[in-house]
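Just the one chain here, the form predicted alone, laid out as structure tokens.
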């Protein structure tokens, strides 16, 4: 049986993950999805080799430093690990919270000091009690202001608290992380941006970055929702498309009334857009149960894996 050495303690690890082994011993490591998507549970190998299976999706610079995802790491060899204290943590102040829909809020923050982030990346919001959850950025940091779209989850540990914050409240951000960003080296490659619910946030970040960079090819944004109320940025996106001829907005609402042009199946709508947009880079954002089939359809339609950027939103346990 492999052993994990953590801050001077030796912990026997069987078939469980490093995260579960630490929890069993009363060690708290920030975590959220436990599926390897959110990167909340990053820790660092300081002696021994981190399991490569626990480094999938991490940027190369983190892998080189020995970072790995504790929730995805099952040890076969002894390893010494430590908290991910090397990742930057930034204090932020709430500017305002706006209600975008019955269950969605826009949270606007301003960071203290320099904070470099790109639209489409995500940050880990950290409460004083240590609770940590990832949220994608709907804009690049630019002047230090950030926009998050938060879906209020009934019984959720983080989202109700975040949606109810008052202006002037403070919190901390770890990151940014994520590679689901606009490729500035491909200014003439068409873009297809597709997501459901608050998966719209990183897509807006990519779209805004592309427009700021003077992108020279068509950009199609598909936003899927179950009801019309789920199109919480409908008016703003229509206005954006009207201002920018290269931008096309394609809502797909499953339960829209018959005859409403916004009525449509998200998966089918994305497939049609991908088929009609040759040579595109495709960004997919939202829950994995919705996006996995779309990701597969996109690949089978001939889009190379290197041109499919996915940001999967995994809901954390309510604890």
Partner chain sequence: MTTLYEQLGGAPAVDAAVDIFYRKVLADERIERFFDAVDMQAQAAKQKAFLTMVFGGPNHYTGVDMRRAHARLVTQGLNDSHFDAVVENLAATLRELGVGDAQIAEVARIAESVRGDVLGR
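What you see is a predicted model; the values in this text were computed from it and never measured. Residue numbers count along the first chain shown, from 1. Think of the rigid core as the biggest set of C-alphas that the two forms share within 1.5 Å after superposition.
The form predicted together with its partner chain is left out here; the points below concern that form.
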Exercise. Have a look at 47 to 55, 256 to 264, 270 to 278, 27 to 35 and name the one stretch with heavy atoms inside 4.5 Å of its partner chain in the predicted bound form.
Key: 27 to 35
Quiz item: Taking heavy atoms and a 4.5 Å cut-off, does residue 310 contact its partner chain in the predicted bound form?
Solution: yes
Quiz prompt | Non-hydrogen atom contact residue 295 with its partner chain in the predicted bound form at 4.5 angstroms | solution = yes
Quiz item: Could you tell me if residue 14 has a non-hydrogen atom within 4.5 Å of its partner chain in the predicted bound form?
Solution: no
Quiz item: Contact between residue 22 and its partner chain in the predicted bound form at 4.5 Å, heavy atoms?
Solution: no
Quiz item: Listed by sequence position, which residues of 289 to 307 have a non-hydrogen atom within 4.5 angstroms of its partner chain in the predicted bound form?
Solution: 292, 295, 296, 299, 300, 302, 303, 304, 305
Quiz item: Core-aligned, does residue 19 move its Cα 2 Å or more between the shown form and the other one?
Solution: yes
Exercise. Determine whether the C-alpha of residue 72 shifts by 2 Å or more between the shown form and the other one once the rigid core is superposed.
Key: yes
Practice problem: Establish whether a shift of 2 Å or more occurs at the C-alpha of residue 55 between the shown form and the other one, with the two forms superposed on the rigid core. | Solution: yes
Quiz item: residue 183 and residue 69: do their C-alpha atoms lie closer or farther in the predicted bound form than in the form you see, with a change of 3 Å or more?
Solution: closer
Quiz item: residue 55 to residue 183, Cα distance in the predicted bound form relative to here: closer or farther, by 3 Å or more?
Solution: closer
